[in-house]
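Given next, in structure tokens, is a single chain: the form predicted alone.
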Amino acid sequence: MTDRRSTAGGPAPVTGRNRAGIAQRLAQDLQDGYVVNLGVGIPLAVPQFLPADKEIVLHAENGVLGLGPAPAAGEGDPDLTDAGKQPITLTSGAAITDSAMSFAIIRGGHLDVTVLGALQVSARGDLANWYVPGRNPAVGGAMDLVAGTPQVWVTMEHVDRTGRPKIVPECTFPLTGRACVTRIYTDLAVFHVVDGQLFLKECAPGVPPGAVRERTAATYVEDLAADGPPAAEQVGVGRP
């Protein structure tokens, strides 16, 4: 995508991954045997990019365990949808459950990863994704998901429509969960959150670290090496 922040005085435009590219990058990190919940938005593109050599079971909170990729045009079953009401297919051995069983899977700790969109993520992994003040709230199952899943991976664009950073020192929108996010995948970068500290692990192809720095309001550790311990240098940007 092309960076939205192109007004005078802001960082120069930069092109990173598009929304499908964010989902594809995240899918590469899912491990064989994972049971993964997909939220609405960018996460719903993940089934299109699952590694063929891994068995990954996808869960949708509306009662699907074994969610497959989207059907071919005109071949969808109106009774089979994901959490965003988009048509889906089922994998071999899939199960359809009622809402009570679906949330028992979530609350019972049976998921390995939850993939959600976000409005803001703080430097220590707080998540805000359900309400922008003055607009309609959309709680869904996100609060149950972040409380019941050991890994919460966020997919989002790095800045909002006005160019403001979405990775911030403190969330200003109402929280979905505190210190729950473990990874952030954006159009520009991949971050990990470890013990309340934010680490920049990877920049998208063609995106220099400085471009990420200019568009990230939170302080983080730059750890772009393929291996070895995180670098000691603290990198912080306080852009509005």
Partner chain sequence: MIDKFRTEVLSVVDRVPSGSSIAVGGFGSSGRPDALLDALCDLDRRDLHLIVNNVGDDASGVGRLAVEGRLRRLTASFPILQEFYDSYFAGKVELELIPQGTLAERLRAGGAGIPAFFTPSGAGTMLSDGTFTLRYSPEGGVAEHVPAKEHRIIGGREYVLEEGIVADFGFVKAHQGDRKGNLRFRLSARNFNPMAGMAGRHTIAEIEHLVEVDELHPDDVHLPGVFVDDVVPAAGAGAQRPLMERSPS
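Rigid core (definition): largest C-alpha set, two forms, superposition within 1.5 Å. Numbering follows the first chain given and starts at 1. None of the values given here were measured: they were computed from a predicted structure.
Just so it is clear, the following notes concern the form predicted together with its partner chain, a form of the same protein that is not shown.
Taking V113, A83, M156, A128 one by one, only a single residue has any non-hydrogen atom within 4.5 Å of its partner chain in the predicted complex, and it is A83.
Residues of just one listed stretch (41-49, 192-200, 59-67, 25-33) have heavy atoms within 4.5 Å of its partner chain in the predicted complex: 59-67. When its partner chain is considered in the predicted complex, R178 lines it closely, a heavy atom lying within 4.5 Å. For the chain shown alone, R164 is not a contact residue for its partner chain in the predicted complex, no non-hydrogen atom being within 4.5 angstroms.
At least one heavy atom of P137 is located within 4.5 Å of its partner chain in the predicted complex. Residue contact check for R107: one or more of its heavy atoms lie within 4.5 Å of its partner chain in the predicted complex.
For the marked spot (G21, D187 and Y220), a heavy atom within 4.5 Å of its partner chain in the predicted complex is absent from each of the three residues. In the predicted complex, the residues of 141-179 lying within 4.5 Å of its partner chain by at least one heavy atom are, in order, G141, M143, D144, A147, P174, L175, T176, R178.
Positional change of D98 between this form and the one not shown reaches 2 Å or more at the C-alpha, relative to the superposed core.
Annotation: Cα of A70 displaced by at least 2 Å between this form and the one not shown, core superposition.
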